[in-house]
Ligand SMILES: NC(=O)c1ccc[n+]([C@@H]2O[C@H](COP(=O)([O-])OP(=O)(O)OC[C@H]3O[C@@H](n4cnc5c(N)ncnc54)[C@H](O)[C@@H]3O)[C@@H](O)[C@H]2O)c1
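Read the single chain below, which is given as structure tokens and is the form predicted alone.
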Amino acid sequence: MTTQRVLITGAAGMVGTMMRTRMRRDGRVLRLLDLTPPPPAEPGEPVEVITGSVTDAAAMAEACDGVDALIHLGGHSREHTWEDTLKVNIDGTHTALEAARMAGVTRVILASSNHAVGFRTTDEAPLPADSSPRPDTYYGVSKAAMEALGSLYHSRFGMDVIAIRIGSCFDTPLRLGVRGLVTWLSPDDCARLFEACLAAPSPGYRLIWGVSDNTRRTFSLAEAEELGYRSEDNAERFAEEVTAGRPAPDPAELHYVGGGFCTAPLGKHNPV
């Protein structure tokens, strides 16, 4: 049996940690890279652990060696200073893509964000996955740059690159308030989406939304479904818990796709 080796950067982060168990498959090895060392492999677990940063070209070259696909989750997941955002999220994505190209990796999945289009409005629903960028923060700018780099590496070098505009991937949407009933991507659906992206034949360059099939979602799932994604979760089952005892949300926060990011100070840690 041929072994598939999938590299996950940012593997010690929240999403990477949740994917470690959900993406185990016979005939697959997960190679996990993070600056914070992920837990070592358990006996018999098909996992390879590498400590390193996505900003380190040598570490990324080592991590990409012999890899079939890259899932790039590494980088800051919230707002930081412009200098840190540029170094880690933009330069780090370029370093990861260049290492993948040099190693002959032909399939790359990039974790973009709804904040790349944060100043789009919910009036535009269902918002197409390829809506042009309207970032709400430096973080959002970095995700728009990530998407542009992915497009470049597909067009120049023929790599299959799928950029996923992730809504909010947590165990439950409870911490997110009412907005979470719109943006939630369940961990199980996240794994289903990554599997669809890995399996889709010759996708070229794609932009897709990464959300569950939530009753209140304002995002199109048509583009992800074209790749074979089928959501099995819906944030609405948490609606009563989310709304119980809470004041009605500020309509302005629900008007923009980016929610509170659209009014939070630039360069400082923002709410989810």
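The structure displayed is predicted, hence computed values, not measured ones. Numbers follow the displayed sequence, beginning with 1.
This protein has a second form, the form predicted together with the ligand, left out of what is shown; the following refers to that one.
> Residues F119, A148 and G258 are flagged as a possible site; in the predicted bound form, is every one of them within 4.5 Å of the ligand by some non-hydrogen atom?
No, the candidate spot makes no contact with the ligand.
> From the list A99, A111, C197, A144, which entry has a heavy atom within 4.5 Å of the ligand in the predicted bound form?
Here the answer is residue option A111.
> If the cut-off is 4.5 angstroms on heavy atoms, which of these, L127, M159, V88, A191, is the one near the ligand in the predicted bound form?
Contact with the ligand in the predicted bound form is made by V88 alone.
> Looking in the predicted bound form, any heavy atom of G167 within 4.5 Å of the ligand?
Yes, G167 lies within 4.5 Å of the ligand in the predicted bound form.
> Hey, in the predicted bound form, is Y139 touching the ligand, heavy atoms inside 4.5 Å?
Y139 belongs to the contact set for the ligand.
> Any chance L70 has a heavy atom within 4.5 Å of the ligand in the predicted bound form?
It does not: once the ligand is placed as it appears in the predicted bound form, L70 has no heavy atom within 4.5 Å of it.
> Give a yes/no on whether S53 approaches the ligand to within 4.5 Å in the predicted bound form, heavy atoms considered.
Residue-level check for S53: yes, a contact with the ligand.
> Using a 4.5 Å heavy atom cut-off, which of 242 to 250, 200 to 208, 33 to 41, 229 to 237 contacts the ligand in the predicted bound form?
That would be stretch 33 to 41.
> Go through 9 to 23 residue by residue and record those having a heavy atom within 4.5 Å of the ligand in the predicted bound form; state none if no residue qualifies.
The stretch touches the partner through G10, A12, G13, M14, V15, G16.
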